[in-house]
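Take a look at this single chain in structure tokens; it is the form predicted alone.
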């Protein structure tokens, strides 16, 4: 299972990359704008920080087939390996996915709101699919639909992986990990709640107090 960070905040990326096993970073136009930096600067900093084995996903901005293909080529050129163009699954995006895959460009199909659209993107060759879990929940059982998509890929033997996105709660992430999802991209605010359970420091304090009362010290060895 791949744990991916859904942010372009370099400080947050460094924090969780030191703490956890992070497979990569996903960005989109909204995430890039939140950095307050020029996109070229924000992307250059991410590329400079990430290790070669960590993936970086960058979304196209143009909406025509020609524009999407052009920007996908640009994205692919930014880094020699593990660089993915994120392409929304509009009609133009689906056409572009077919074209750029013919050129060997790695693709994450994004802005997916239904398992059927995701499956069609997989048939067009997308390497990853990003269903918007929380947004899908606004229209029904988002978690269940992502599980349906996973089953559809498995039944038909498609190699495309799901990287579930758009999380607003720990429970959403939990349910998909339990279901065997292959990757999740999680924003720092949700990941923090997964890491920092309030019960853990309480337990640690109890252990420390008991030890100090018994032995008069706070270390294992005297």
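None of these values were measured; they are calculated from a predicted model. Numbering follows the first chain given and starts at 1.
This protein has a second form, the form predicted together with a small molecule, left out of what is shown; the following refers to that one.
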Work out which of 160, 60, 166, 172 lies within 4.5 Å of the small molecule in the predicted bound form, going by heavy atoms.
166
Taking any heavy atom pair closer than or equal to 4.5 Å as contact, tell me whether residue 119 reaches the small molecule in the predicted bound form.
no
Considering only heavy atoms, tell me if residue 101 and the small molecule come within 4.5 Å of each other in the predicted bound form.
no
Examine residue 135 and determine whether its closest non-hydrogen atom to the small molecule in the predicted bound form is within 4.5 angstroms.
yes
127-135, 91-99, 75-83, 148-156: which one contacts the small molecule in the predicted bound form at 4.5 Å, heavy atom to heavy atom?
127-135
